[in-house]
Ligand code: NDP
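Taking the form predicted alone, here's one chain by itself in structure tokens.
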């Protein structure tokens, strides 16, 4: 039996995992956290698990809680940049990390990977795209990574100037939290995923492509030097990548997602992405090439701009303008966790001032 501590238990990833874990005798929920959701107490009672309210940056409180509950693995499903210090705390204690918080890698991936090597912990990606690549790379050498994107709610809409909050939150494929749903609508989420893939799998940006795939069945592909492509296909359900990250592949994971209807037939489509309508993805590639400080600026300014959009203070098309403005500044290298957090706060404040 594997003991699991869930960080961000009331969000979409945490909820999906807990629903899957209810009847799985190989999983013991040893602890739960959330930032402020009162339903955490209900979950604590349901799973007979201790719980705390926690901001991702509250590392001392998390450190004490980990020592108390003694997990075998931690699922980091915290939303946004606050997830970095939680990831650092987990790895510093030598505990395996199932990572759904892509901002952890975007902000401080090199430091987290080094920490994992030093402590013997493993970072296991949970995002469906990175989970797919992680599995596909086993025993294979890839020349190129192809990350798929649904295209969000505005894949075929040409005029985005009048997009409402309600429209942006109406994702056609996935049910997710508000921030990641807006990021999917702007393709900022795919930009963060490109950054994450570059760091996790040591691939330069020019060897990572994004393809719009509205069915969300092919989660990612790799291209080999022979010109062959290997893909991971499954229904658009996060249960599979979450559970394989926690338990690994094997017989214990039978029938956790519905099979694809090959006998009935279905179609798969792939399209290029529009750089003019979705500049956030190009800005992510630019930030990735410029270095860690610009990745931090990208993630932090996007977080601030999305909050402003959801508050009605800026328009949908203002989001990339805010991020582009912040990225136009010069930033010193951020080489430690403290320096990363300091730069994160500074660039988030710069973005907030523009909103």
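This structure is a prediction, so every number in the text was calculated from the model and none was measured. Residue numbers count along the first chain shown, from 1.
Below, we refer to the form predicted in complex with the ligand, which is not included among the displayed structures.
Query raised in the report: In terms of non-hydrogen atoms within 4.5 angstroms, which of the given stretches 174-182, 161-169, 88-96, 281-289 touches the ligand in the predicted bound form?
Result: Correct option: 174-182.
Query raised in the report: Any of the heavy atoms of residue 215 lying within 4.5 Å of the ligand in the predicted bound form?
Result: No, residue 215 stays farther than 4.5 Å from the ligand in the predicted bound form.
Query raised in the report: Heavy atoms within 4.5 Å of the ligand in the predicted bound form: does residue 79 have any?
Result: Close contact exists here: in the predicted bound form, residue 79 approaches the ligand to within 4.5 Å, heavy atoms only.
Report task. Look up in the predicted bound form whether residue 36 has a non-hydrogen atom within 4.5 angstroms of the ligand, and give yes or no. Result -> Yes - in the predicted bound form, heavy atoms of residue 36 and the ligand come within 4.5 Å of each other.
Query raised in the report: residue 102 near the ligand in the predicted bound form, any heavy atom under 4.5 Å?
Result: Within the cut-off, so yes.
**Report entry** The single option of 313, 55, 68, 28 touching the ligand in the predicted bound form, heavy atom within 4.5 Å
**Finding:** By the 4.5 Å criterion, the partner-contacting residue is 55.
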